[in-house]
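Taking the form predicted alone, here's one chain by itself in structure tokens.
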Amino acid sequence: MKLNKVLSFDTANYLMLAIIGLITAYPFYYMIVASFSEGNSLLSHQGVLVRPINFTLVAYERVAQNPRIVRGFLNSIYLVVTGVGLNMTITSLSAYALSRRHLVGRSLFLMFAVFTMIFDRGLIPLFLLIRNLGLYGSLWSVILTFAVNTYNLLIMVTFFRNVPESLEESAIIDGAGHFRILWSIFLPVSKAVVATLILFYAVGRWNGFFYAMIFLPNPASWPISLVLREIIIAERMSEFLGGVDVGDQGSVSETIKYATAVITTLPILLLYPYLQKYFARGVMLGSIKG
């Protein structure tokens, strides 16, 4: 009887999770299918979309030919590579220092870090600071604005505190300094947390568009997320519709929106499988150990 109850519970649980998974995944599936559909047929279609309607690659051809998309991708790649490198450098160094029990004023530094999570700096003071530093209009205005995330810092601090002290003591006896200890001991045993934070930072850098919209007035400096926003929300489609009949522009622009969204999402989807095996373990280790 108990076995039947367990099986019934498991079946209901799996069924519910499958339904939630389908509901969650379908919008993205719809976006992919719609991007390969013919515009007029897509606009006239009603109901659930299971497969492309009149399969075509016109939307992707238009996107690939647009220089704004290419520049946006290059800018986003630069933001992610440079930004994540800076993020992990500062987060790792800060977490190592704050996890050392002998650091004078450690609690005070942690309190200041947590303070930034509760009280936001404000957009206007931040804008004035960026302008006075001469960074307005530069990609570095976006990179330096998010040099460290407090939540990610606390995760790494929590994990570093649980690294066995014997490893550090052995390294000190062998004459290793703090930088050597961090690089050769702490980071190698923290691969799960490091991979998790890289994913967090990379997703944030790739998807972030708000501060780029504030600090980057020149469209040539826009990341792909901001280009996508202008296409979908502001509907600035003129650069994509050269040579398209006036009557077909509405349908073509609809599929271009979906195609741009797909290629914008694709890099993160390709990155995730390489970090997925560390992801869940890194979040749990950094959150539970204390």
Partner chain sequence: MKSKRVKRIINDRVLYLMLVPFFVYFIVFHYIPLAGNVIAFQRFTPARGISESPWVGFMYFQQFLTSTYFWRVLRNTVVISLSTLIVGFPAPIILALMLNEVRVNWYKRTIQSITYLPHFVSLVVAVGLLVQFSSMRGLFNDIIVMFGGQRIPLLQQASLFVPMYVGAEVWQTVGWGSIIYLSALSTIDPSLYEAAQIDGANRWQQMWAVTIPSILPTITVLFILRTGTLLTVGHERIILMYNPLTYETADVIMTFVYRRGLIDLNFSFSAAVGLLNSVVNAAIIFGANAISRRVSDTSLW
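Please read these numbers as outputs of a predicted model, since none were measured by experiment. Residue numbers count along the first chain shown, from 1. We call the rigid core the largest set of C-alpha positions that still match within 1.5 Å between the two forms.
We do not show the form predicted in complex with the partner chain, though everything after this point is about it.
Asker: Which one, Ala97, Ala220, Val81, Leu167, lies within 4.5 Å of the partner chain in the predicted bound form by heavy atoms?
Answerer: Here the answer is residue option Ala97.
Asker: Heavy atoms within 4.5 Å of the partner chain in the predicted bound form: which stretch among 114 to 122, 158 to 166, 189 to 197, 73 to 81?
Answerer: This holds for exactly one stretch, 114 to 122.
Asker: Using a 4.5 Å heavy atom cut-off, state whether Ala176 contacts the partner chain in the predicted bound form.
Answerer: Because no heavy atom of Ala176 falls inside 4.5 Å of the partner chain in the predicted bound form, the answer is no.
Asker: At the 4.5 Å heavy atom threshold, is Arg68 in contact with the partner chain in the predicted bound form?
Answerer: Looking in the predicted bound form, residue contacts with the partner chain do not include Arg68, since no heavy atom lies within 4.5 Å.
Asker: Is Asn207 part of the interface with the partner chain in the predicted bound form - any heavy atom within 4.5 Å?
Answerer: Flag for Asn207 set to yes.
Asker: Is there a non-hydrogen atom of Tyr60 within 4.5 angstroms of a non-hydrogen atom of the partner chain in the predicted bound form?
Answerer: No, Tyr60 is distant from the partner.
Asker: Out of 123 to 151, which residues reach within 4.5 Å of the partner chain in the predicted bound form, heavy atoms considered?
Answerer: Read in sequence order, the residues that approach the partner chain (within 4.5 Å, in the predicted bound form) are Leu123, Ile124, Pro125, Leu126, Phe127, Leu128, Leu129, Ile130, Arg131, Leu133, Leu135, Leu144, Thr145, Phe146, Ala147, Val148, Thr150.
Asker: Has the Cα of Ile32 moved 2 Å or more between this form and the one not shown, judged after a core fit?
Answerer: No, because once the rigid core is superposed, the C-alpha of Ile32 moves less than 2 Å between this form and the one not shown.
Asker: After fitting the rigid core, is the C-alpha of Pro67 off by 2 Å or more between this form and the one not shown?
Answerer: After core superposition, the C-alpha of Pro67 moves less than 2 Å between this form and the one not shown.
Asker: Does superposing the core leave Leu266 with a CA shift of 2 Å or more between this form and the one not shown?
Answerer: The answer is no, as the C-alpha of Leu266 shifts between this form and the one not shown by less than 2 Å after core alignment.
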